[in-house]
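Below sits a lone chain in structure tokens, taken as the form predicted alone.
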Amino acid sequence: MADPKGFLTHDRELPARRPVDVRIRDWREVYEDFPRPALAKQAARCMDCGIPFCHNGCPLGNLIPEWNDLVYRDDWREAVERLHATNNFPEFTGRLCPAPCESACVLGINSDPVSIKRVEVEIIDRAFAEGWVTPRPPETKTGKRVAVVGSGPAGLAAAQQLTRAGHDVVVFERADKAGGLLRYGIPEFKMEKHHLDRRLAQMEAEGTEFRTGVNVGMDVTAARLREEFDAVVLAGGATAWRDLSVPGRELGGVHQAMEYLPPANRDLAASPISAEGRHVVVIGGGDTGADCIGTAIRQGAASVTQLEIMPRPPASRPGSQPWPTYPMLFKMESAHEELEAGGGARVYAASTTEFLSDEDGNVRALRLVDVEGPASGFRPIPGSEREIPAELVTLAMGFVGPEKGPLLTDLAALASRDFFDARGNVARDSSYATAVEGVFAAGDMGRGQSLIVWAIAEGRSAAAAVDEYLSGRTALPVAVPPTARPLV
């Protein structure tokens, strides 16, 4: 335990965000530096709670009280060792995870929880700055070859663990650079890509091979993959997006979020889909919607409006979502702050009924209606219909599962049992094995759309299963079984 009275003497504190009028002029991360004395106070708030429920709130089982204590005692080098013991990529989770660990913090029962994410990210950033994060190549090689399909957090975690276990690992990525949505789905203002690049460099130095620009299933068939490798890990994510079937969906200017964000992240200065000077509407109130908002504002949108079919969430934990579950609360992300500063609006309990066209076949407005729900099935409220200007619309309504492309359909034809589960995800047993011999599935491809911490946890656990499959035993840690029921 850090300071026995820390939770009584220090309030929760986070680093300040850079002023809105400054940060929207660039693509850098939004937070200012956090002084180390202030961080030590935050670590000191971690109390001796007996049962650290933060462990259960985090799918990775991060040793949160241990590294909080080490930070308080100024033992940063040991802190990063404890951090890396359960998490391959804390620089990703510390920036991108919604922190179910903080929702499960015992201090959060009747006070503000410990600033876990901020301590986490400061530990790993200092470790990189001090040169403590170095390659860890295997001492011996097994001679076994493993293909990992997808280079998002699940694929990267599986690849790093399997490489360190001594296997020859090749990661296949259909984009031109590795990282999956970490690179092209997450805007720079949430995570600058040098954090990703330095971790990929570490993995390459350890022996992991990356083959980018390869669409597995088309450029490399499933049969060839199975012939050339002793095991295959499917970690392609749940990239089949949810669409909106209303009149006018085909109009120009109506795009899926993952059609809009990747080109913007590839070229910050000259994206082929730009919001500059246009009235933008973002449909969807989650993290992807916030990413679209922040991107549109930085591109110089004339206005931005966000629509969400659900009612506005409460500001505090409702009785139906008791501690230590992850509550659905009203959040003010940096992009929302920028939206309000620019006169934009977040509209709740509203449903789009039609996109309206201009003379050239492009969207000029959308028609929406207020709804009652969700208990009533989102019933339209008579008399609430109206139009709002919309010259660029992004659909950020989530994902429905993995894409059923040639890779999965070819593997399904070889399966000894059902290859997909009832939700359309890749089915796997308690060892992450699919219905095809030697093929495993980890992350959103098997789980469905979820959190980055679940992706990394499943990647680590699947790696242990693959290592045991290839070697007969494993020393790799298992974070979670695929049937685990999360608190979030």
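The first residue of the sequence shown is number 1, and the count goes up from there. Keep in mind that this is a model prediction, so the values were computed, not measured.
Quick note: we don't show the form predicted in complex with a small molecule, though the next part is all about it.
- The candidate spot formed by E13, F34 and E91 lies out of contact with the small molecule in the predicted bound form, as no residue has a heavy atom within 4.5 Å of it.
- The stretch in contact with the small molecule in the predicted bound form, judged by heavy atoms within 4.5 Å, is 451-459, chosen from 35-43, 451-459, 431-439, 418-426.
- Remark: T288 counts among the residues lining the small molecule in the predicted bound form, judged by a heavy atom distance of 4.5 Å or less.
- Interface membership of T325, defined by any non-hydrogen atom within 4.5 Å of the small molecule in the predicted bound form, is ruled out.
- Using a 4.5 angstroms threshold between heavy atoms, G185 counts as touching the small molecule in the predicted bound form.
- Using a 4.5 angstroms limit between non-hydrogen atoms, A235 touches the small molecule in the predicted bound form.
- With the partner omitted here, the residue from Y348, F399, F128, W76 that has a non-hydrogen atom within 4.5 angstroms of the small molecule in the predicted bound form is F399.
- Residue in contact with the small molecule in the predicted bound form (any heavy atom within 4.5 Å), chosen from E308, E122, E338, E173: E173.
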